[in-house]
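Before any questions on how it binds or moves, here is one chain, the form predicted on its own, in structure tokens.
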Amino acid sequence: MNGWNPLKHHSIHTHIAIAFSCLILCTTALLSYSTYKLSSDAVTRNSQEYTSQLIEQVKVNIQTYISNMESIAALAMRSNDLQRYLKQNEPAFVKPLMKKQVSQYFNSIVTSRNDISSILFISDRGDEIVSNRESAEFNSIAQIKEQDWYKKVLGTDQAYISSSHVQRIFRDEYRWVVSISRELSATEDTIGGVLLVDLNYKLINNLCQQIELGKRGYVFIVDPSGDLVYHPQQQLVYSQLKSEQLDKVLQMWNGSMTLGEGNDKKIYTVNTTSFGWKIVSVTYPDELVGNKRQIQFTSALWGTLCLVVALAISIILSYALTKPLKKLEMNMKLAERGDFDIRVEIDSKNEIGKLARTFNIMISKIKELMSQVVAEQEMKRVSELKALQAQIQPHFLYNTLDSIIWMAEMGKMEEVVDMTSALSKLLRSTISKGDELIPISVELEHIKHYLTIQKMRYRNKFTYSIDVDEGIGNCQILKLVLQPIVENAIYHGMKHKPETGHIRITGRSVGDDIELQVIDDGIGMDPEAARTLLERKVASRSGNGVGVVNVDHRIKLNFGAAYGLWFESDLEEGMSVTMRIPLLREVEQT
């Protein structure tokens, strides 16, 4: 499947460098992002933990203030001066003195502590009000008994802690305070009332304003009923220009929750006091990581530096890895130009070293095969030259012409015509075609003409017969391979035999091969000599240097070592020469 590959025309060095670069780029990006994410999460987690600690500290401080106020209220309620002042049976003329003593006692407490704004006692009859100020003027419209800190403490033995509010008891004074009140129950001989201790609101305000939670973060306090005790933008909240998720804050005791989306996303951290106030810190997630841009810049900077260094290393490594391959490629190009004497230096045992070793073996083998092919081609040319020489035998031609002349002088005109016709056809078949392979039928026609001439020359010294299957007539055979064998049979088999001999030529297909035989009943030769006739590499028995050895070489060069000639003979028993060649139809040749 040929898909689109933009790198198919680039070198392996480029491929490796790009692969390394992509791998390093992805790894660096992942590591940089992970580093930034982990750092950001760690900073966020530490910031939240720090915020929780701040809120815990605020809660402890406020609880301490409130506890101190409760203790002071209890102390004031148990004072002897206040107890004597509340007795009903005391003479009326001592009441102002006793009231003054109580006021002085209250004043001594307020003076010793800057977190207390005022201390008052209001009798349940409403006609007795004692404060830490002896000459205090009270606001006539204050309606003290209608205020929450008075109403909600009646009938209980627990202190009431109000939300922040403006204290309007004193004339022309409107201080923000947090009120703590406790009921002093009446007895048979004492009057009852409510003791009020006002906590200076500035103390809570200053405590909360000291908390820094980023540029936009802040702290607010809400009581169990949902009223704000403190908020840095309390007026905006009251005027509904700003809102808080108070319903969800009241549902949480301690912990954190994230509310809102986008830029309005806030983290609420809630810590609840023992008396129900909830200390709430509001932080913005994007401000928790104050140095977010610095972390991003640092991560990007180190990521870029690591990327540059890694890319340089990848280029060096890819060059080192591909250097042996480039060297091998250069040697391959030399081999492509025909230089088979080159050898690649093997300095490693890895895959590239094995490839170089295989290349050296391949080059040696190619060189050996090239030398073998050159030698075979040289031998083939020599054999073809000898075969060409065999086509033109001057002695054979002279002797044939002498025979024709002799027969003409003797008046044997019919024989002259037959021999001349046979000689003409023999010469025509010899020189008319230049193909190396010819049909077996053509080769047999050639040998018939040759035997006709020789039979007339040797005055019927022998007879001949040709028995070849018609089915192999169109099969291919090397040109002029039968003539030297028949020639040997005539000159060394028939010529010295006293009687008339016979030469028989047969042919048939054997499997995928063709087997041709030239069998004569001449004088024969020693069997061992016949078996080693080709091994001794002697020339043919015709003595002209072109004979059966050349025929055997031509067959082996063209068809392989499995083909060639085999001799069988015995003295006075004639000789049988077997020629084996592959079965090649004329169409297969093309």
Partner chain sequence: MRKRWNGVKLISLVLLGVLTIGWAGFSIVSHELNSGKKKTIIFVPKTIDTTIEFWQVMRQGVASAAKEFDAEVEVMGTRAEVDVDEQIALLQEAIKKKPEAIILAATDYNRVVPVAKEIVAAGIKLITVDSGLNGGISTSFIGTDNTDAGRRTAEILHTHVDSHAEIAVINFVKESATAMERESGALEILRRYGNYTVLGPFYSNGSVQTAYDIASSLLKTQPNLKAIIGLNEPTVFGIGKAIQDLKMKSQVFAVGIDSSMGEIRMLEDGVLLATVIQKPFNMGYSAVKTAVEVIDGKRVSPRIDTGSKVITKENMYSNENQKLLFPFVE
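Numbering follows the first chain given and starts at 1. None of the values given here were measured: they were computed from a predicted structure.
Beyond what is shown, the protein has a form predicted together with its partner chain; the following relates to that form.
Put simply, of Gln143, Thr111, Ser135, Ser243 only one has a heavy atom within 4.5 Å of its partner chain in the model of the complex, and it is Gln143.
Taking Lys354, Lys380, Arg508, Arg171 one by one, only a single residue has any non-hydrogen atom within 4.5 Å of its partner chain in the model of the complex, and it is Arg171. The three residues Asp227, Gln233 and Leu236 all sit with a heavy atom within 4.5 Å of its partner chain in the model of the complex. This chain is displayed without its partner chain, yet in the model of the complex the stretch 313-321 from 313-321, 446-454, 67-75, 494-502 comes within 4.5 Å of it by heavy atoms. Using a 4.5 angstroms threshold between heavy atoms, Val374 stays clear of its partner chain in the model of the complex. Within this chain, Leu301 lines the site of its partner chain in the model of the complex, having a heavy atom no more than 4.5 Å away. Proximity of Arg216 to its partner chain in the model of the complex: non-hydrogen atoms within 4.5 Å are present. Contact check for His165: a heavy atom falls within 4.5 Å of its partner chain in the model of the complex.
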